Each structure stands twice: as C-alpha cells, then as structure tokens.
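The chain below stands alone and is given in structure tokens; this is the form predicted alone.
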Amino acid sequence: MTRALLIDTDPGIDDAVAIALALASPEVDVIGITTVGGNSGLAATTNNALRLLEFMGRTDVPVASGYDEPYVRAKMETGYEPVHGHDGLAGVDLPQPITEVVSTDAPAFLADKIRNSPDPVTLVAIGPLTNIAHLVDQHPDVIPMIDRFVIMGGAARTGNVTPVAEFNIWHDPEAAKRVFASGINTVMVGLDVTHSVKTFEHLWGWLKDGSKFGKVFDHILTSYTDFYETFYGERMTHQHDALAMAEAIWPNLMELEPAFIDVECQGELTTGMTVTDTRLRNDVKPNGYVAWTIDGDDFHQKLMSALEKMAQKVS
C-alpha cells in the first residue's frame, strides 16, 4: 500500500536531495510540501520548493508556506550562508517559479491533508519544527491521525552548531520542545546517524553526464562538497535530510531505540540540546525513537537509484 507523505522543509541543498528522493520513490505519494524559515529565510525556502518542483515536473504537488520567525524567541540566525549559499541552493541556475503557494497557513494546510487522506500519512520534518509546533497548538485533533512522524534533527551525543545542539533544533528549541511533548511518536534521525554516513564525491560522478538534472544537482552538490572540504577536510558530505527521508520512505531502515526526548531551552551552554533518555527508569515512558545506525552502502544504493530515475524523467 502506498503511504501518503507530507514534507515540512527549508530548502536547502540537502533538502533538495531529500525532496528528489521522495518524489522518485514509488513507496510514497507526496501529497504536499510546507516551507519554514531555517537554512534560509522563508521567502527563499518557499521559492526554492516551488523551483525544485517545477524543475522535476511535479507542479501537482501543492506547496504552502509557513512561519519565518521561531515559535517563541526572536530569530537569532537564518542558516549559515557558506553552507547553502545566499539563496539556499548555492546560486543554482533555476528559473523563477511560475506556480504559487496554495496557502500561507502551513499548519492549516497540513491539518487538512491529514484529515482528508484516504491513506496513512507519514509526516517528515527536515527543517526547524516551527510549523509543526503551531500545528500541535492550532489543530490538536489531527495529531493522533498521523501514522508516522520522522524528523531530521537533534543529537543524543554531539551537536554541530554548538557542541551539544543540532541546527534544526537549535534554530527553534521551544518549537521542538512543544512537539516532543505533544504526543506525536517521533523518530529522531539526528546527527548520531547522519554523521555516521559519509557520501564521498565520487558517488556523484554520474551527475556529470550533461543531463538537465545532472547539471543542477552537480552544481549544488559540488558547492556543498566544497564547504565540507573546507570544514572537515574531506571531499564528502553528510546527507542529513536524505537520510531522514529514507527512514520515512522505508520504515525501520535504521536501528531505532525507544527514548524520552526533551529539549533544553535556557542553558547557557546547552540551548537546543536534545536530552535523550534511553534508560526509561522510574516509570519514564518513551515519546519517540532515536536512530543510531544505518547500512551506509544500502542507503547510497537506494538514494542513487532513486535520483537516477528522477534524472531520466527530467528533460
């Protein structure tokens, strides 16, 4: 049975890869995309979502824009320009979109899609959780209707934007805290698993075939790899969002462990930290799962196979 998939995203180079993976996977039917401020501001992330869908010939997928400002606090930072470029997609040569958003109320859009889907809905969030926190507040009736909720975010061990915090959670920690407390059973695909998989540059060699798809994705992924080489000293990337998308498409692809997950919002050194308790002592109940490991070779085979299918469709 095909599962309905809703994507909440802040494109973003690795978001672009994740969206392409979802659109090329017959196991899921992408029924909508919502945008949030994160890797870039909301105007750019929304523009990028529309551009990517037009490029991949999927204007049938509706897009709704959401929140640019965090759930509670003032915006501290929108992404980090050296990672994704000034426009979120490394200045790639994609035309401005002709299509427009169907709504500027992402929570209402998500709620409507969840209520009316005849198929089980997987919601995957690969940006800050601002839209999802407002969904919880404004449409609590749909929360039990979500069949599966997968996020790219958090870290049980080591962060990236700070020693203990991952960017998506750090960008809006109060939103993440609200979501983890909401009753949604969350699969946290965090840095523990995404940093365990290195996608080396040679795996993208097929993108240099001169195809329309190849030119666009070679551009953004070369830029992404350039940043990683500067930062980590290797010509590789961590495909954070595509890994979370893989777990959404192929449930239990990863080793998952039940956990109680909460978020630190006030610590001088720990704001944005996902406090992940796998001990579950003293009647503590899990509110989700933390992903620990994945077969990197299997992931890369699935990812490249799907993207190659998409490349054949894009003309």
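Each residue number is its position in the shown sequence, starting from 1. The shown structure was predicted, so the numbers you read here are calculated from the model rather than taken from an experiment.
If you look for the form predicted together with a small molecule, you will not find it shown, but the lines that follow are about it.
- Site residues N39, I126 and H240 are all in contact with the small molecule in the predicted bound form, judged by any heavy atom within 4.5 Å.
- Considering the small molecule in the predicted bound form, the lone stretch of 135 to 143, 116 to 124, 163 to 171, 202 to 210 in range is 163 to 171 [heavy atom distance within 4.5 Å].
- Using a 4.5 angstroms threshold between heavy atoms, M152 counts as touching the small molecule in the predicted bound form.
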